[in-house]
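Take a look at this one chain, the form predicted on its own, written out in structure tokens.
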């Protein structure tokens, strides 16, 4: 079944889109700069940060308009969108101002605030600020991968990302998907030789049989073997050794010198 193509108007320009497509995706495709801190292509839209708010209306709405989070709003034929009207900018500035009260020392928030002419928050800063912007990218990716090791807990100023009861999460496999996708690098981990530590949990690293270099955690390797049908011996080598092995085999096929590929 083919998807219906619709025409919307964005900042006075006619734009073609697929009916039901999320508005933020259309705006990004058109090269329109709308901030979105909780958007990540690997997970479903969340609408948590609210900075992607835009103004929408339709000709038949008789002048009535609304503010919506563009990451969650599906486009429909005849939609009229303003991404940088005075009302949108003022609303976006208020949201960023509140973010700056929670994350006054976070470079990502500081830069976003500066882009909108905000030098300091007009709200009372939280007593003990950190760099977690509560975008939820970490928890959504963890859930999507099926681990559910961390979640959002508490309310108000105490709202944070944490494992159950603040203890080392049993279901965490140390894959680092949460930490490596955190937009502010708030989630910390350490790799020390053959040991990785994250969320108060220590993991043994699988090592490359040729070089001894660590590859991934043993728990993550066992998960991938069991649930992704990856052969166990794949983890005998790390990515660099796999690339060298592939290059060597390709060299043999093309009659290249293996010595040149080492």
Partner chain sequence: MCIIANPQELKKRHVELAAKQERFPKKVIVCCGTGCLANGARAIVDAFHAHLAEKNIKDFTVEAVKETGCHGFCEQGPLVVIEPQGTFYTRVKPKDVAAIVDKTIANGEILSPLLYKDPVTEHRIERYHDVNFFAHQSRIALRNLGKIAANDIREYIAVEGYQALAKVLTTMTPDTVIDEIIKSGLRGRGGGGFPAGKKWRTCKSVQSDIHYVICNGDEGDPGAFMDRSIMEGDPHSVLEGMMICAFAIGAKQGYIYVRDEYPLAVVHLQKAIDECEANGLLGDNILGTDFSFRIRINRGAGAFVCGESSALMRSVAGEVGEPRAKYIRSVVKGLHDQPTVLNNVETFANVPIIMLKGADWFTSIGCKNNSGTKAFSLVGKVRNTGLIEVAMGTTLRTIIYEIGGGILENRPFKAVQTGGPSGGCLPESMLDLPVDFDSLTKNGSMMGSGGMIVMDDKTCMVDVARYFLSFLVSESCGKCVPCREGLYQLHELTIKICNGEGTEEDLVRMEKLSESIIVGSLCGLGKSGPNPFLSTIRYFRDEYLAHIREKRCPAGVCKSLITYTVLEDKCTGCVACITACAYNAITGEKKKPHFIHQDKCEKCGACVAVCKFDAIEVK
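Residue numbers count along the first chain shown, from 1. Bear in mind the structure is a predicted one, so any value in this text is a computation, not a measurement.
As for the form predicted together with its partner chain, it is not shown, yet the points below apply to it.
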| query | finding |
| --- | --- |
| Heavy atom of residue 105 within 4.5 Å of its partner chain in the model of the complex | no |
| is_contact(residue 69, its partner chain) in the model of the complex, heavy atom dist at most 4.5 Å | yes |
| Contact test in the model of the complex: residue 114 vs its partner chain, heavy atoms, 4.5 Å | no |
| Contact flag, residue 155 vs its partner chain in the model of the complex, heavy atom cut 4.5 Å | yes |
| Candidate spot 6, 23 and 58, all three touching its partner chain in the model of the complex (heavy atom, 4.5 Å) | no |
| Among 76-84, 170-178, 187-195, 123-131, the region lying within 4.5 Å of its partner chain in the model of the complex by heavy atom distance | 123-131 |
| Contact residue in the model of the complex, from 206, 224, 32, 53 (heavy atom within 4.5 Å of its partner chain) | 53 |
| Listed residue that, although its partner chain is not shown, lies within 4.5 Å of it in the model of the complex (heavy atoms), from 145, 150, 95, 118 | 95 |
| Sequence-ordered residues of 23-58 touching its partner chain in the model of the complex, heavy atom within 4.5 Å | 46, 47, 48, 49, 50, 53 |
